[in-house]
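The data below hold one chain only, encoded as structure tokens and taken in the form predicted on its own.
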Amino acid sequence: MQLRIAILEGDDIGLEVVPEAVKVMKAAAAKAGLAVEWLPLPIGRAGHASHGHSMPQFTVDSLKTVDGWLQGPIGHNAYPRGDATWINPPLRKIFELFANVKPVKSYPNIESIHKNVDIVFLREVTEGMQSGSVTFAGTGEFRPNDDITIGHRVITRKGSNRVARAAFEIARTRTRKRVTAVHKEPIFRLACGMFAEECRKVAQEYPDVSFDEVLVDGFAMKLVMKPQPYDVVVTTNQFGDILTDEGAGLVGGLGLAPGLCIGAHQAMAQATHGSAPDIAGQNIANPYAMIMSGKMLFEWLGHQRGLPEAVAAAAAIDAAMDAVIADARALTGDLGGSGSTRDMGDAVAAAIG
């Protein structure tokens, strides 16, 4: 079976880190004997230049034909305001990529608050307080008059169940096989209550995975004090938005924060960091998060499609990154090395062999 993966470089440093991720993924695919068709597609400034829109319909239609894609960061903060042809492409919503998977991993020789941290967060991203709705636009809030603002939160059994199920499936592939659900049921008895109910239901279907629950405020404290016991953490949209950045801060920051948005049949590899226009074009951007997002895409597709070659390719990237970080010489400056963006990508690709 051949995978079809699209490449969307995005803006600013996306033009530098995405090619490094693709370089590494191609090396891993070759080593594992994985057949991949690569499909470059325009988005962001390149999309606007070629098709008059930062999210061309051509790109959207083409994405319907692929297994997954890499999306580089979008420089939407610099896009002209009030022009509907310049938008932050909402691919996550268009393709109903319901869970944002964000691993947090520490390395012995990279400065961080904690060591021996290895957590995978799953954040539901189609509902909650940041999803918007057919009633209220944007983030689900409106202002009936100048003195009152009202926000709302949508939680569904479908959304809660599928993100919980994704968490348990990921936990099954890990050594510790543990899922922690984070919520605030004692206060939000209906909204967090529904999320917690669905997590408990799903847990009964996975007797091989241990399950526990922690209230969000207590979890935030425990994450700072002692994050090591946690394995796979699943939570709702806004709680996850905050906790995943907290988790990244524990191990060195957003430069070490890869991500994968998963749906029922497709996934999007997308690093957590932004487009960093201040360092664009200088060949100093850290490609770790984009490379490891690509690794996650291979791993997810391998399990979803029953492709051991894709799982092997992901494992090869993981081992190569560990080796490059341990050696340290090719790392970018933010990680304590003296290498460039290309140096680090070259080193990881070379370590794959």
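Computed from a predicted model, the values in this text were never measured in an experiment. Heads up: residue numbers just count along the shown sequence, starting at 1.
Keep in mind that the form predicted in complex with adenosine-5'-triphosphate (ATP) is not shown, yet the notes after this line are about it.
Within 4.5 Å of some heavy atom of adenosine-5'-triphosphate (ATP) in the predicted bound form lies at least one heavy atom of residue 273. Within 4.5 Å of any heavy atom of adenosine-5'-triphosphate (ATP) in the predicted bound form lies no heavy atom of residue 313.
When contacts are judged by a 4.5 Å heavy atom cut-off, residue 191 does not count as touching adenosine-5'-triphosphate (ATP) in the predicted bound form.
For residue 21, no non-hydrogen atom is located within 4.5 Å of adenosine-5'-triphosphate (ATP) in the predicted bound form, even though that partner is not displayed. Considering adenosine-5'-triphosphate (ATP) in the predicted bound form, the lone stretch of 68 to 76, 192 to 200, 237 to 245, 115 to 123 in range is 68 to 76 [heavy atom distance within 4.5 Å]. Of the residues 254, 91, 209, 214, just one reaches adenosine-5'-triphosphate (ATP) in the predicted bound form with a heavy atom at 4.5 Å or closer; this is 254. Scanning 291, 28, 285, 297 against adenosine-5'-triphosphate (ATP) in the predicted bound form with a 4.5 Å heavy atom cut-off leaves one residue, 285. Contact check for 13, 279 and 334: all three have a heavy atom within 4.5 Å of adenosine-5'-triphosphate (ATP) in the predicted bound form.
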